[in-house]
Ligand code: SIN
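What follows is one chain in structure tokens, specifically the form predicted alone.
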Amino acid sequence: MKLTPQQLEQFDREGYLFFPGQFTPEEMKSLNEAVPELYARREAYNVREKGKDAVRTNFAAHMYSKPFAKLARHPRMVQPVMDLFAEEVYMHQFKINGKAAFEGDVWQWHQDYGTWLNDDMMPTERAMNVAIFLDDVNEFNGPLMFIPGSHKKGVVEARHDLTTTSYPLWTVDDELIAMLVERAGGKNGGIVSPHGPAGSMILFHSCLVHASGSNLSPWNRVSVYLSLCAVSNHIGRFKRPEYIAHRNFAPIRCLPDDCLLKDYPVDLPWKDGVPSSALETTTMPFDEMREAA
């Protein structure tokens, strides 16, 4: 999947691209069937909503679930990012975000690179998300909201919110959000929210300011996020567990385009459990760790 000159120009201007129905229902089947069992596990990599049993985020499924290991190597998701960076990429983060019916909580306004910079010491914003809808997304079930063009602002000031939800996030304050929305068009396009069927895909810049509201509808909204980083831009410290911020900087090798429909071999290094080393953390920068070793 190659991006056209028009798509490249749109991405540069708005900070995201939306591809409705990029994957077929047949391709989505094995992914959707795998989610309930993954969410049922009582593991550290399943972060649940504050005070509830519903899963907010499942991390690193590509390390222990074959359907998601294949998705992590899918050319429709990986190739566009390599085109934009003109470089190979590695998997910085892989998550299945659950926005459960009636229970899915908010994701505050934030930039992903803000967290990757502050927590992981990622050198620059040469990393981005590619998201795929596992459920139909509409205006009622907590869809993503973007401020178009907000990536042009670069890294903005953020604070570490440790209390609003069950997952800590570097969030952007209301005053700056109001300014960015007004600059993007105010009530006439200052906030956009891509909706579409299961199998739709979104590619968005790591500095694009985004959020999502709570899901008060009777419809689940589950999405998968591949956070892909240029190999030359790998993180500088391991402050977070490896299931959140990966430490294998090897470039992704894509499978054939029909990989969700056929049985291709994939490596599942955590299929028998997450190793204790993946839970270890340090505030020491990576370069100092190498020197100490």
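Residue indices: 1-based, along the sequence shown. These numbers come from a predicted model, not from an experiment.
Just so it is clear, the following notes concern the form predicted together with ligand SIN, a form of the same protein that is not shown.
- Put simply, H74 is far from ligand SIN in the model of the complex: not one heavy atom of it is within 4.5 Å.
- In the model of the complex, K153 stays away from ligand SIN, with no heavy atom inside 4.5 Å.
- Although the partner is absent here, N215 is not a contact residue: none of its heavy atoms lies within 4.5 angstroms of ligand SIN in the model of the complex.
- In the model of the complex, ligand SIN lies within 4.5 Å of some heavy atom of W107.
- Heavy atoms within 4.5 Å of ligand SIN in the model of the complex are found in one stretch of 187 to 195, 155 to 163, 94 to 102, 76 to 84, which is 94 to 102.
- Checked against ligand SIN in the model of the complex, the candidates Y225, F238, Y64, Y243 yield a single residue with a heavy atom inside 4.5 Å, and that residue is Y225.
- Of the residues V172, L144, V89, M201, just one reaches ligand SIN in the model of the complex with a heavy atom at 4.5 Å or closer; this is L144.
- With respect to ligand SIN in the model of the complex, the three residues D112, H210 and R221 uniformly fall within 4.5 angstroms at the level of their nearest heavy atom.
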